[in-house]
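The chain below stands alone, shown as structure tokens; this is the form predicted on its own.
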């Protein structure tokens, strides 16, 4: 499963966000949770959107996906692979969402239906975007996708239910579901928050591996700067809906320009020296 490289002369920018504003009307009046946000993601690139709770990072991802809560207002431009998403009718957005842009949510247990096997859920999601595909064909796709995210004995475990998987394996199932569509862009919203540090390292490695293999763009939403340092090229730092600082990962880590960015860096446990140990010990979790 690979993503075709853009043709020579094609626009290298996969996602272009300009003046994005997301707001709600409250009893106290209009409130903007994201305000005048600009950023770009190049094809095959990886961007980390970082901020504390309430910074607007998740609202940004939902705005891209067209999944904002009822009552939200969105303005500005979100251009994906040459298509303007802002104002796109829901029918057109459904053709993009899940198929060309895949999203991995924070809590796989709440995202997966406990009454259906994981294979059924992957297969039906695939069939909803691939008309004419039989259930047998979709089951094969589900098994292959589970194998690609290193779920051992996928041909057997495809018939297991979500509760029969560990937290890390459930997140792999969600990644497999996203990968089955061969998206051009993957948005991962806090994909490691509910996991212990050992399993976090595995999932981050998996996201980096998928990006390298498929050429898909990646947006990683997180409150943890140490996480984005592992898998992204550029960082956007948000605070109260405003862009505080943006730049390459190395520059942000070695020479942050804003006090808020420095505060986030100081508050994050430094995992750089521990990551090798984590990855050595993580083999025990594989296959659970």
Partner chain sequence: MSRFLINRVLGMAVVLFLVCLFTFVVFFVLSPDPAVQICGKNCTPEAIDQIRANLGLDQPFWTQFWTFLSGLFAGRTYGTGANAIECAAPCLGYSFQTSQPVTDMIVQRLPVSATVAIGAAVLWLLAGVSAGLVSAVREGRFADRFVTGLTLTGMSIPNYVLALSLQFLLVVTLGWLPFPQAVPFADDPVRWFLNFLMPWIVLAIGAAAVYTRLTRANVIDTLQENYVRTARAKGLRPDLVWRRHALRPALTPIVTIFGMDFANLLGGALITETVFGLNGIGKLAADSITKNDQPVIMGVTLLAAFLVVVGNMVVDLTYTAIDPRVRVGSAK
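Every value quoted in this text rests on a predicted model; they were computed, and no experiment measured them. Positions refer to the first chain, counted from 1.
This next part talks about the form predicted together with its partner chain, which is not shown.
With a 4.5 Å cutoff on heavy atoms, residue 218 does not count as touching its partner chain in the model of the complex; it lies far away. Its partner chain is not shown here, and in the model of the complex it never comes within 4.5 Å of any heavy atom of residue 244.
Within 4.5 Å of any heavy atom of its partner chain in the model of the complex lies no heavy atom of residue 150. A residue is said to contact a partner when one of its heavy atoms sits within 4.5 Å of a partner heavy atom; residue 129 meets this definition for its partner chain in the model of the complex.
Checking 111, 137, 214, 75 against its partner chain in the model of the complex, a heavy atom within 4.5 Å turns up for just one residue: 111. Here the chain stands by itself, but in the model of the complex one stretch of 100-108, 81-89, 206-214, 150-158, 100-108, has heavy atoms within 4.5 Å of its partner chain. In sequence order, 120, 121, 124, 125, 128, 129 are the residues of 120-142 having a heavy atom within 4.5 Å of its partner chain in the model of the complex; the partner itself is omitted from this view.
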